[in-house]
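Here we start with a single chain on its own, the form predicted alone, put down as structure tokens.
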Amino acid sequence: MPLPMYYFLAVTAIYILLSWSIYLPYRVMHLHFMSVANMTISGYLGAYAALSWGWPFMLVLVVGIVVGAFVGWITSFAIGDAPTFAVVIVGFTYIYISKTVVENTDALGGTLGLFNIPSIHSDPSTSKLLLLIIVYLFVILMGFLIHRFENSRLGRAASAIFVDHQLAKSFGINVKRTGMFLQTWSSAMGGASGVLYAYLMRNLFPDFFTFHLIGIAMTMLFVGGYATMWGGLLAAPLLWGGPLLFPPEIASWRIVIYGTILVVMLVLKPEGLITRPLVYRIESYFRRRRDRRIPS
């Protein structure tokens, strides 16, 4: 596989997971950015464990998910039902703290980063192919679980919370417990994304896990559509791959391009490209076609 195609597919998968990790808590009106901090924590922990302790990839991945979930769960006790602004501030604080700790820890490479993270196979080409298969299997698994969530009682409860917290409470919905669950799930996905990114790139730099990552993920979420999981799935390859086709002079302005696209979309089409009514229409179309094929 050509190297540019490998990196496009690899980073696209990471951005899909990252946009979903922000989408899930936003189902209850929480802009939860701790997934970026958990990418840093689990990514660096996994890379250090692989380099210094010789941990195998699957153990590193499981530990990264557990650590991310634990950090999100502990924090959710304080912000599980907090206002959106408070959740944002906590996420920003975690990102700043985690990045500062990494930059000031020599064992983690400091400001230079960590290099030569072990491959999962002795053959580099096979290692890249296996990693791509694993990361996209993980994307499929998360997509399946999110889809099941959307069609569950918990998903309908999240929709009620999104509309009105007090109304949801009057229906007997435990707002804090729902928020804690989604924040923990989001943080687990962030931890997994950090480990997968570390092995896909085989290098980690603290400057990657900064606020620009939030800007990119937010653009993918709101351009694709914040009301459905399909928005991030559509926007991630388009917004990540699009600037790669531009000349280097223009591609270097991609953050400005992302910001401009986000502002334009919020003004002209705030619900994003893929909305819930659109998803319902598509599902109804395929349901009718399926029913026609079934003999009476």
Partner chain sequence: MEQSNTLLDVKKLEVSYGHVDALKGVDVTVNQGEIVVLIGANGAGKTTLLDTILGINTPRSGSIQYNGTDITGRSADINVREGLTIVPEGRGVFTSMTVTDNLLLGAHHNMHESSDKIERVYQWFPILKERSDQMAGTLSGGERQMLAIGRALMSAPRIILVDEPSIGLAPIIVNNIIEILVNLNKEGYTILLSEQNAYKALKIAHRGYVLETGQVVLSGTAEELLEDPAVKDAYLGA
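Just so you know, these numbers come straight off a predicted model, no measurement behind them. Residue numbers count along the first chain shown, from 1.
Below, we refer to the form predicted together with the partner chain, which is not included among the displayed structures.
- Out of the listed residues 112, 78, 141, 167, 167 is the one that sits within 4.5 Å of the partner chain in the predicted complex by at least one heavy atom.
- Note on the partner interface in the predicted complex: the residue among 145, 86, 160, 134 having a heavy atom within 4.5 angstroms of the partner chain is 160.
- Remark: of stretches 98-106, 189-197, 151-159, 208-216, the one touching the partner chain in the predicted complex is 151-159 (heavy atom within 4.5 Å).
- Residue 174 belongs to the set of residues with a heavy atom inside 4.5 Å of the partner chain in the predicted complex.
- Proximity of residue 280 to the partner chain in the predicted complex: non-hydrogen atoms within 4.5 Å are present.
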